[in-house]
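Presented below, as structure tokens, is a lone chain in the form predicted on its own.
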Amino acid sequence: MTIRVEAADFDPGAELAALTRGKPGIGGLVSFVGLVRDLAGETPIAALTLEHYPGMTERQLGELEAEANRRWPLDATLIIHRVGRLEPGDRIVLVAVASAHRDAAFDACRFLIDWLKTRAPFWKMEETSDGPRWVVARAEDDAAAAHWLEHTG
């Protein structure tokens, strides 16, 4: 289990290789890389700045990761989330899950992304032509996360 919150960019290929190295029992590796979009709805976005509380954020991500490990038989997990100012096209998050079987890996990865989106303590500010604005929670994200309250894996 690995969790990192950092400003630096990451190399998904290198991260996935390191995650699975020396673990021949892994039969499925599922990953998600989130990128900064250039639009929020119809509004052009010049940049996205992410803030967090060091220590609290990592602790919350650890709790999400522990919940995934309680629900599915996982061999390895990785969560990397960037902070600071990011521009459209920049990588913002990597979630990777490895298991002996693909179903567990797919479900756990989706669970982590859904809960990360709604439960991780990150604050996002978009830079728009109208000035900066804080990103508010979306009903679609809350609904996706709520799905996992009923499904335990």
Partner chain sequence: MRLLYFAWLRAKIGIGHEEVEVPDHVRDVAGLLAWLKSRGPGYAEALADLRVVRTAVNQAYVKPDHPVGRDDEVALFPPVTGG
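In this text the structure is predicted, and so the values were computed from the model without any measurement. Numbering follows the first chain given and starts at 1.
One more form of this protein, predicted in complex with the partner chain, exists but is not displayed; see below.
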{"item": "Residue 51, heavy atom within 4.5 angstroms of the partner chain in the predicted bound form", "value": "yes"}
{"item": "The partner chain contact in the predicted bound form: residue 137, any heavy atom under 4.5 Å", "value": "yes"}
{"item": "4.5 angstroms heavy atom contact with the partner chain in the predicted bound form for residue 56", "value": "yes"}
{"item": "The partner chain contact at residue 93 in the predicted bound form, heavy atom, 4.5 Å", "value": "yes"}
{"item": "Selected contact from 60, 128, 69, 31, since only one has a non-hydrogen atom within 4.5 angstroms of the partner chain in the predicted bound form", "value": "60"}
{"item": "Per-stretch contact check against the partner chain in the predicted bound form, the hit in 23-31, 103-111, 120-128, 39-47 (non-hydrogen atom, 4.5 angstroms)", "value": "120-128"}
